[in-house]
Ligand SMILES: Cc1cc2nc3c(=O)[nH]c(=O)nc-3n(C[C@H](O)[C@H](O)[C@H](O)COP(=O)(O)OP(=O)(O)OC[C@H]3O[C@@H](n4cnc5c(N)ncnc54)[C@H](O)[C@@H]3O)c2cc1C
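Only one chain is shown below, in structure tokens, and it's the form predicted on its own.
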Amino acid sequence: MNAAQPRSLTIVGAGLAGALLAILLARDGWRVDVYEKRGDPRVRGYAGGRSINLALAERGRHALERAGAEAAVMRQAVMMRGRMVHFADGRTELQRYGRDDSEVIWSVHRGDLNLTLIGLAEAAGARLHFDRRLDAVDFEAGSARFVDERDGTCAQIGFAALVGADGAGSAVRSAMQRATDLGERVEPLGHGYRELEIPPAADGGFRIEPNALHIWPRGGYMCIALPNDERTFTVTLFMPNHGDPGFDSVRTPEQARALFARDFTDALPLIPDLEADWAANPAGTLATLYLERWHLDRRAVLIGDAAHAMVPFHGQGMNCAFEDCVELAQRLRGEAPLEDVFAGFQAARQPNALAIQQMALENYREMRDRVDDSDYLLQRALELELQQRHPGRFVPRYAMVSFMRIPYALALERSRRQHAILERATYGLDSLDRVDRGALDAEIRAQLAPLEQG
């Protein structure tokens, strides 16, 4: 550590990324202060607002292990082996994510995870300040003003450097944008979401298969359901903002029930409080945030959703943010000045953030449009066969993203080459009987080098 480099950082946001980074830095000897606009959830209960259930994958588990949090989190996680597709005709089919139960993802409750990380951050020595909303930043003076909205009082806090871990609507990013052009661009998806709930069965168990992510694909819209350890499922309806159906045409609880009766017939009996849930949970919006710059020289840096918010359809937003935390904490262990640390962090993470943002958008189209499509199912069957024939060389995109820690950008590039191979091999076929395995094997060996485990 350069003697001139301060060992003090101020994190804005005590959500998942902010709390995890606080643990990592405090354990490395940094003086860490975390400011959060919400109240302490350990006192008031979790008040995170609307949130889609979180899918914890290998990248996130690795970060939690580095922070000493994995065991506590995994005690509350529910395994998901794959997508349980609910077809329009009432059939269901489990499409596994991986080859066996060693390749699964885990459903975790955002609130429980946040509580665990906050407790560990405080235990590691980080100082947490709740009910403190960032109101203004003077980067020249190294001073930030926080407002306690309970009584309107203000506090002026000096800082060596700010870390914006305060989500897609980041106040730190807004302050940085006033100081310099970050090249911010927001692309709305044009679709939104609304959350409902499947309660436990009368005997206290799950009403449907618990070890799966349930999906009702219906073309331009869909429903999903993720299990919780309370034996409930969080149901999320994704739909265009405008259209039929759309959130402008399905507005009332009665209209929502009619939609489910028409298009999600087998889901409707599972949601006894549909009308009440619809009335209580407003629609959320979905968008992708792109920035050209993630840092303001040595004075501030953005991580997680504050730097690269994405749509949730690859279940990687949290996992990507946790990778950010590990990368930044690792770089802060060196001798480089903060400006170089922040620049290096952006250079390492930005291409991978762009890649997973793209894959998340593509996965939405796959989930709502393709998982019940015959061409997709044929290509998926061949993909699994090739994975067995060429282990470590032909690896499905989902496996590269969820079960490995290779760079997202590499996973995107390889998966596009693999998809082209699958399309060529299955073009005009309705079964795999006529696939030329010999030619296909030669093509794979020529195009795909063995993949190093990340």
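Keep in mind it's a predicted model, so treat the numbers as computed, not measured. The first residue of the sequence shown is number 1, and the count goes up from there.
There is another form of this protein, the form predicted together with the ligand, and it is not shown here; the text below is about that form.
Using a 4.5 angstroms limit between non-hydrogen atoms, Pro245 is distant from the ligand in the model of the complex. Contact check for Arg38: a heavy atom falls within 4.5 Å of the ligand in the model of the complex. Mapping the unseen interface onto this chain, Leu54 counts among the residues with a heavy atom inside 4.5 Å of the ligand in the model of the complex.
Although the partner is absent here, Val104 is not a contact residue: none of its heavy atoms lies within 4.5 angstroms of the ligand in the model of the complex. Ala171 is the sole member of Leu378, Leu182, Leu189, Ala171 with a non-hydrogen atom within 4.5 Å of the ligand in the model of the complex. Picking from 253 to 261, 331 to 339, 350 to 358, 125 to 133 the stretch near the ligand in the model of the complex, with a 4.5 Å limit on heavy atoms, gives 125 to 133.
Within 4.5 angstroms of the ligand in the model of the complex, the stretch 12 to 44 places a non-hydrogen atom from each of Val12, Gly13, Ala14, Gly15, Leu16, Ala17, Gly18, Tyr35, Glu36, Lys37, Arg38, taken in sequence order.
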